[in-house]
Every structure is written in structure tokens, then in C-alpha cells.
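The form predicted on its own is given below as one chain in C-alpha cells.
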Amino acid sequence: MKIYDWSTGPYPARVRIALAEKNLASRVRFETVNLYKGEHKTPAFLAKNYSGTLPVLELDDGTFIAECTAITEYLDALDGTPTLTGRTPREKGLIHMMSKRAELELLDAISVYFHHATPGLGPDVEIYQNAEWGLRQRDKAVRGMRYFDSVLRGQPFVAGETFSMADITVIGGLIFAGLVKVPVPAECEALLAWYARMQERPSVKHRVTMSEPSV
């Protein structure tokens, strides 16, 4: 398998964490796609992923799977023992609900802020920017942080009692928030404590240092 990504990117981080949690890093080769040079928007890359986003998983038969949730679903199911996406219908429903909320209310909102209200990836890539919209999305992300803080006041993980894809998505959001200097409000004590614990997980701590192992 091959993964096209950008090693420090918050969306690629989601898949790198999933790979580590499933002990699959040794089965993957990483190929860097330079975001600041706009390599993700070239015709060659768009042929792999119509959306022009990272990461993308390429299977040995030439199949391309994009979108972090879809890639995580695939990786989690490979060994027949899903640990990140749920085992029972109830677990699956809760995990997917919370992961989608994390995308909408936090991670994607931070992404819009980055692309519209900061220099983003630079003038050669950021063809259109709407700063007002970006700032509104930054504020939405902060509201999302407060929501997840309320969730984590009552349970140890984002979707319940165990670490899951939903936690990975919130981690991605907070990684992105840190990169663009959008701090978690100090009163979000549960979220901050949870994130401190998550940063100690080997899968999170070592996500950027993954090498390019052979298939």
C-alpha cells in the first residue's frame, strides 16, 4: 500500500494515527505531496483524487481511496477486528456521529479559517479568500472545542469508553488549531486534560516520524 500525504498535515495525521493504532505502518510506503507547491491540485494528482485533498491511500491493485474516514474504515477492517470504527451497531453509530461532528464543528472549521483568514498555503495556491468567512469559522471551531469539552466531562473518550476514530478526528482538529494558533479556551479543562493524555499515546506522539518502510 502507498499513502500520499504531507507528514505534518492535520488530515494526514488522522490516517497516520490509525495506521499506528492498527500496527500497519510497516505495510505502507509514504509519498510526499507538497501542499505549498500546490502539488495536490495538479492534473496528475487530481487523477488520483478528484477532490485534490490529502491523504490518499493507493492499494496494490491500483485502487485509490480518499477521505480520512473511508481510509480508516478500510484499515480498521483489514484484520477482521475493528477497534477504531466500532464493533456493534451502537458503537458504529456513535463513533461515526461523533467523528462527523468533530469534522464539521472543529477540524473543517479550522481548515476554512486557515485557507481564508490567514496566508494559508500562499498566493499561488489560495486563489480565492474570504477573510470574514474564515473568522466566522474560527469562532465556530472554538464553540466546537467547548462542545467537546462538555462531552469529555462525562466520559473518557469522545464516543464513549474506548479510543476510536472520533478521538482521532478531534486530535486532528486540535493539531490544526495549534498550527494556526487558535488556542483551546482555558476553561475547557476536560478537553485539555484529554488532549494531554492523547499526546502521550505512541500513535499520536510518533505520527510524524513514520519513515518510508517497504511494502
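In this text, residue numbers run from 1 along the sequence as written. The structure presented is a predicted model; accordingly, all values stated were derived computationally and were not measured.
Absent from the display: the form predicted together with a further copy of the same chain. The rest refers to it.
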Flag Met97 as yes or no: does it have a non-hydrogen atom within 4.5 angstroms of any non-hydrogen atom of a further copy of the same chain in the model of the complex?
-> yes
Should Asn130 be counted as a contact of a further copy of the same chain in the model of the complex, where contact means heavy atoms within 4.5 Å?
-> yes
Close approach of Val180 to a further copy of the same chain in the model of the complex, 4.5 Å, heavy atom = no
Examine Glu31 and determine whether its closest non-hydrogen atom to a further copy of the same chain in the model of the complex is within 4.5 angstroms.
-> no
Does the trio Arg138, Asp167 and Arg201 actually contact a further copy of the same chain in the model of the complex, every residue with a heavy atom within 4.5 Å?
-> no
Go through 184-192, 171-179, 66-74, 31-39 and give me the stretch that gets within 4.5 Å of a further copy of the same chain in the model of the complex, heavy atoms only.
-> 66-74
Quick one: which residues from 143-170 get a non-hydrogen atom within 4.5 Å of a further copy of the same chain in the model of the complex?
-> Arg143, Gly144, Tyr147
